[in-house]
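Form predicted alone, single chain, as structure tokens, below.
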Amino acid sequence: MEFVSQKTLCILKPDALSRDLEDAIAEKLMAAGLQILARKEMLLSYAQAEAFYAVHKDRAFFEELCTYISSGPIVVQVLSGVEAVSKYRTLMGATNPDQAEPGTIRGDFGQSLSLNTVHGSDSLENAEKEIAFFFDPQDFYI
């Protein structure tokens, strides 16, 4: 089996920033062998949140998700590493922190289903789309 270096998107949500978890999360990323290629802190407007989460527009939680993600500063990061998409998905843990394994980001830091600290791309195809939503090629450190 050949392992491939990939890129994936990581968002530190408002609850992560309000609790000053950036360094703790970065330590987990580095320990998992993921490198941060690009990073920026920003405020997402409600309209931007709607565009980013458009895939969920027909879901019951869509409005709550858009309201929450646009409620305060976020950090968007591009991660790189061998099998980065699946590695980061595993490191994030289950969407519901009550079901997330200890040692995962959500297991250690998530507060609720809504306040689950991080977002991550669920596929390589979505990672490419999500990265392009926030970053231009010149934004990358490497």
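Predicted model, so just to flag it, every value in this text is computed and none were measured. For every residue, the number given is its place in the sequence shown, counted from 1.
Here the subject shifts to the form predicted together with a small molecule, a form of this protein not shown in this document.
Engineer: Considering the small molecule in the predicted bound form, find the one stretch among 59 to 67, 43 to 51, 72 to 80, 25 to 33 with heavy atoms no farther than 4.5 Å from it.
Structural biologist: Answer to the contact question: 59 to 67.
Engineer: Looking in the predicted bound form, any heavy atom of R106 within 4.5 Å of the small molecule?
Structural biologist: Yes - in the predicted bound form, heavy atoms of R106 and the small molecule come within 4.5 Å of each other.
Engineer: Would T90 show up as a contact with the small molecule in the predicted bound form if we use heavy atoms at 4.5 Å?
Structural biologist: Contact with the small molecule, no.
Engineer: Heavy atoms within 4.5 Å of the small molecule in the predicted bound form: does Q99 have any?
Structural biologist: Q99: no, not in contact with the small molecule in the predicted bound form.
Engineer: Applying a 4.5 Å heavy atom distance criterion, does S114 contact the small molecule in the predicted bound form?
Structural biologist: It does: once the small molecule is placed as it appears in the predicted bound form, S114 has a heavy atom within 4.5 Å of it.
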